[in-house]
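In structure tokens, one chain follows: the form predicted on its own.
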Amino acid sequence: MKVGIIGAAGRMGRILMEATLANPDTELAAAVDVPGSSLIGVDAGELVGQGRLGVVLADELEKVVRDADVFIDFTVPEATARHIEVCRAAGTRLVIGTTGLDDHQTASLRAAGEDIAICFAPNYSIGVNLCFKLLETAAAVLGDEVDIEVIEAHHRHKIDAPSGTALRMGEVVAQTLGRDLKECAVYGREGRTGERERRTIGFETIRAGDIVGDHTVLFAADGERVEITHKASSRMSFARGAVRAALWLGGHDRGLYDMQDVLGLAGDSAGWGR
């Protein structure tokens, strides 16, 4: 499968190119970076120590959108919103790992899924997606008898909080318990907050150093607690999952999917609906 990488010159973009080149079933066919970048026109292979591949960095997705079967986008919401429309117009599949999309951008994403195949997930790690399923089970068993907190930690450069993964974890738990996360989420605490309400789901965010990504969901009852934790030590785990999603999308012409679909784990409270 021919794969294109958006944001190719960035830290995650380079890792995505490495993962694409390492997979025997994918070919790096296109690479895009921001207009004005000093690396525009540079061979993508040279950026990842693979020598010349004949794929040079373009400054606009429109110029190369038909060179690949699927593009992978781990950029920022404003850019991703534009890339969705470009791929939709060209009929090109899209894997999105961008977090922090607002309601309008998410609605546009859903609409685009009517015309092209899109995989949109807050985290492409296999382990994290297994945790989503474990969270469904824990929430269903423990029910309303526990206090629930989501704690996440990332590097100092991450620009959104809580992380998309933490929010998805909260959504999975809330949906399993029949709650609306928008109504029951509490983001941080300060001052005299009063006694904790059992039906709330708390979020705590840490930004420090070079932490790749740590997530813990705490279910605390009187006398015992259960913690489901995932810790990432390398961004390559996300990249390999995204390439796996790109290959999976090859079997679909349209629809909005997530990593739970790719792994065959989709359940009632996972995924985006079809």
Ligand code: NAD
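Everything numeric here is computed off the predicted structure, so don't read it as measured data. Residue positions are given as counts along the sequence shown, with the first one as 1.
There is another form of the same protein, the form predicted together with the named molecule; it is not shown, and what comes next is about it.
Is it the case that Thr176, even though its partner is missing from this view, gets within 4.5 Å of the named molecule in the predicted bound form, heavy atoms only?
Looking in the predicted bound form, residue contacts with the named molecule do not include Thr176, since no heavy atom lies within 4.5 Å.
For Val76, is any heavy atom within 4.5 Å of the named molecule in the predicted bound form, or not?
Result yes; Val76 sits at the interface with the named molecule in the predicted bound form.
Considering only heavy atoms, tell me if Lys133 and the named molecule come within 4.5 Å of each other in the predicted bound form.
Because no heavy atom of Lys133 falls inside 4.5 Å of the named molecule in the predicted bound form, the answer is no.
Using the partner position in the predicted bound form, report whether Arg88 sits within 4.5 Å of the named molecule, counting heavy atoms only.
So Arg88 does not count as contacting the named molecule.
In terms of non-hydrogen atoms within 4.5 angstroms, which of the given stretches 196-204, 106-114, 178-186, 121-129 touches the named molecule in the predicted bound form?
Among the listed stretches, the partner-contacting one is 121-129.
Among Ala9, Asp33 and Thr98, does every residue place a heavy atom within 4.5 Å of the named molecule in the predicted bound form?
Yes: each residue has a heavy atom within 4.5 Å of the partner.
Residue by residue through 150-172, tell me which have a non-hydrogen atom within 4.5 angstroms of the named molecule in the predicted bound form.
Residues within 4.5 Å: Lys158, Asp160.
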